[in-house]
Structures are given as C-alpha cells and as structure tokens.
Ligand code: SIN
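Quick heads-up: it's one chain on its own, the form predicted on its own, in structure tokens.
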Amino acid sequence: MVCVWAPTERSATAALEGGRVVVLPAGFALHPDELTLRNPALLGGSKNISLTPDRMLKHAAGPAVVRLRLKTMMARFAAFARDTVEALAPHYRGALIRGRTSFRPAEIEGRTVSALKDDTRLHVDAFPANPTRGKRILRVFANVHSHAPRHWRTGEPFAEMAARFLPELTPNPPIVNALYAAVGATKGRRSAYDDLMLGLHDGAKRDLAYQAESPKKPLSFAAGTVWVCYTDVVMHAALKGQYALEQTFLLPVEAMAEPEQSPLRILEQMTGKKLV
C-alpha cells in the first residue's frame, strides 16, 4: 500500500479513492494545557475515549475539569479533521457525515484482546452495531505523542483479499437483520453489504495463515504526523504506538469522484448482486 505525501487536491482524492494512505507531515498539535491529557489513567474501562457527534464524552475517567479539557481537545480535532478532508477533497464538502471522535492514550503493543478486537491483525473496518449500508468509512488520524512514532502495517488490495474470503460468506436473511434492528442490537438495519464487510473483517482477523503469509508493508508515522485513508478498503493493522486521535466520517458512495472504486461497487461486481 503506497503512502502518499499529497501535493494537490486532485492527486490526494485519487490516492484516497484508490485505496492509498495520504500522509501530511504536520497538522494537529496539542495546546500546552492539553499535554497532561496524554495519560492512560484517563481511560474509563475501554480502549479508547470517544466523543459522539452530539458532543457526549464517553469512556473517560478523571475529575470534571479534566473531562472538559478532553472534550474540548477532541472537538477541536474533529473540526480540524473536517477542514483537512475538505481541503484534500473539496467536492466532499457538504456530503461528509461526522461519526465518532476517539482519543487513544493506551499503548497498542502488548494489549490482550480477543482475535476480533485485535487491531494488530490486518483488517478492513466494518461496524457490527452501526451498519453503513454502503457508505464509505473515511478516517483522519493524528499522532500526538511527544516523540515516538506510531507503527502500522498495510496489506494487499481490497479486491484480492475479498476474492479469498468472499466465497465463504453468505449474507443474513433480511428477516434476521430486521430482528437485530428491532431489538436494538444494531442501530438501523444491516444490508447484505454490511454482512459481507463484517464477514471480511472477521475472516481476515481469524485466519492466522492469512495474517502470516499475505503481502504486507510497514508504515511509520512520526510524532506530529496526520494521515487519512478509507479504512473500509485499506487493509491495515496498528502494531505499536500511544497517544493518537482519530476522526471517523461516513461518505455516500455517490459523493465520490470514482464511485466504482468503493467496496460496495467492487463487491457488487464480484457477487453479481445488488447489496444495498
């Protein structure tokens, strides 16, 4: 997976939609009164602190004054992330749907989690409880560590990975997804696309032979670096690092410059079926 230092908006958009990682060598910096927020003790029983689009802070510990600083910092990053994406791809303006903002103060390396929650394994993103129904998952990251890099690994092109796992997958019957939505297990009804994307996510993470043998490239993001990619199509794994911010956006496929490069269109072509 090629890492691009985007020189123009056209090349940045083409790189993003082509499944690459767009890297900006400088961008978001913590304010002096925010430096003490680089503290894993502020995690409240989860691996990340999150800020919802309606500005509710979740999974944060500490006194009210500290939580307010967290909320302010994360809201500032959310605004920065939107400005960054709209500068890289101006035609996305007005189409971006803001998702959650997260602050990740824990060290990735050595964390004990289940296979499906292990982000050190190559995967594409899919949300079990929050179906996108074909919308793209575009994410902006910032390494806010004082000095240490954040280490990733990227994998093979999406279509090649999908060709391996797709034959093993079958979408749920529509009545099952309707039931999930009715009982609140999902926020909205999953589509066949959501079922297949979740199957690709889970299949890749569970397959230790694939994790060991599939093509991969290392990426290192220095302190202060900002990077942007469609994590629903970029096979990626976060291996090591501490203190990062992340902003998720959803984007309708129709708002892309090249909709045929979306995972929705790729999977529809591979299956010969309408998936949403």
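When you see a residue number, it is the position in the sequence shown, counting from 1. Keep in mind that what you see is a predicted model, and the values were worked out from it rather than measured.
There is another form of the same protein, the form predicted in complex with the ligand; it is not shown, and what comes next is about it.
**Q** Heavy atoms within 4.5 Å of the ligand in the model of the complex: which stretch among 149-157, 177-185, 75-83, 128-136?
**A** Partner-contacting stretch among the options: 149-157.
**Q** Considering only heavy atoms, tell me if A238 and the ligand come within 4.5 Å of each other in the model of the complex.
**A** Contact with the ligand, yes.
**Q** When the contact criterion is heavy atoms within 4.5 Å, does D119 count as touching the ligand in the model of the complex?
**A** Looking in the model of the complex, residue contacts with the ligand include D119, since a heavy atom lies within 4.5 Å.
**Q** Can you tell me if F141 lies within 4.5 angstroms of the ligand in the model of the complex, counting non-hydrogen atoms only?
**A** Close contact exists here: in the model of the complex, F141 approaches the ligand to within 4.5 Å, heavy atoms only.
**Q** Would you classify H123 as touching the ligand in the model of the complex, given a 4.5 Å non-hydrogen atom cut-off?
**A** Residue-level check for H123: yes, a contact with the ligand.
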